[in-house]
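Here you get one chain, nothing else, as structure tokens; it is the form predicted on its own.
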Amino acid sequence: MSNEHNSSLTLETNIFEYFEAAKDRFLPGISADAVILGYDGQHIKVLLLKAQDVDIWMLPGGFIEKEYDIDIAVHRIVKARTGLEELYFQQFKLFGRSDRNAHKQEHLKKFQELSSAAHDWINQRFITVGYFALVHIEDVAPKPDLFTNICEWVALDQLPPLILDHQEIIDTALTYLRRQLNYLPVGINLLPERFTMSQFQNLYEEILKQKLDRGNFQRKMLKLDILIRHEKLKKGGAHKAPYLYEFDSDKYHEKVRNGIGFI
């Protein structure tokens, strides 16, 4: 028997066992999906999973184990996909349209056939709680789950077709992020420890989807008194090299609590 065939049998066995235990392990009819956002210095990206053997993409997510608070369950989901223990994440909306599960993809039908218990479990109506997480992209070690074989960063303007209402979940997360920008620790959770003013501005242009005046942005950020300036980025030709900055964490978080005033 080939290794590939053995692997396929193991996968099906694991899925069977997963859904067989689901009704006893998880809360009925509720799941959570996480929009995990990172910034690579040029683009904001979202962490996506690709299903086993089919070209279907989705957000990291999962069911809610009965013994866990939902925030703890989501922390476990995000940690499992990113490898990060320290996380900033926040709930932003419940998605519960009556038709959100109406058009399940073929790979879900495959799971339904594994057992009657699995069939009943996956076919119940699910609502999902949307969370977003802000992470330092360079610290993440993406890892797929039982049902997927790829977990990777994808730029927001290059998203593939997504399962169920996951595109709506991403769009809603970004709208929430823009509306609450003054009250969210976006910069400190997405930028590297040290960054240029250009990277800082580009991050906010990516979020807002609009160009900002360079001089006005720099004056506003320096006036907030939340930045610590370091030596210039490169040696030689110093007049052309940008300064590096980092956030004064205490001042930054104090400003966020009161509305930081970026926009």
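Source: prediction; values computed, not measured. Heads up: residue numbers just count along the shown sequence, starting at 1.
Keep in mind that the form predicted in complex with another copy of the chain is missing from the display, and what follows is about it.
- The chain is drawn here without another copy of the chain; in the model of the complex, the stretch among 148-156, 163-171, 87-95, 134-142 whose residues come within 4.5 Å of it by any heavy atom is 87-95.
- This chain appears without its partner; in the model of the complex, the one residue of 56, 197, 27, 227 with a heavy atom within 4.5 Å of another copy of the chain is 27.
- Note on contacts: among 69, 213, 205, 231, the single residue with a heavy atom within 4.5 Å of another copy of the chain in the model of the complex is 69.
- Proximity of residue 180 to another copy of the chain in the model of the complex: non-hydrogen atoms within 4.5 Å are present.
- Using a 4.5 angstroms threshold between heavy atoms, residue 129 counts as touching another copy of the chain in the model of the complex.
- For the chain shown alone, residue 65 is a contact residue for another copy of the chain in the model of the complex, at least one non-hydrogen atom being within 4.5 angstroms.
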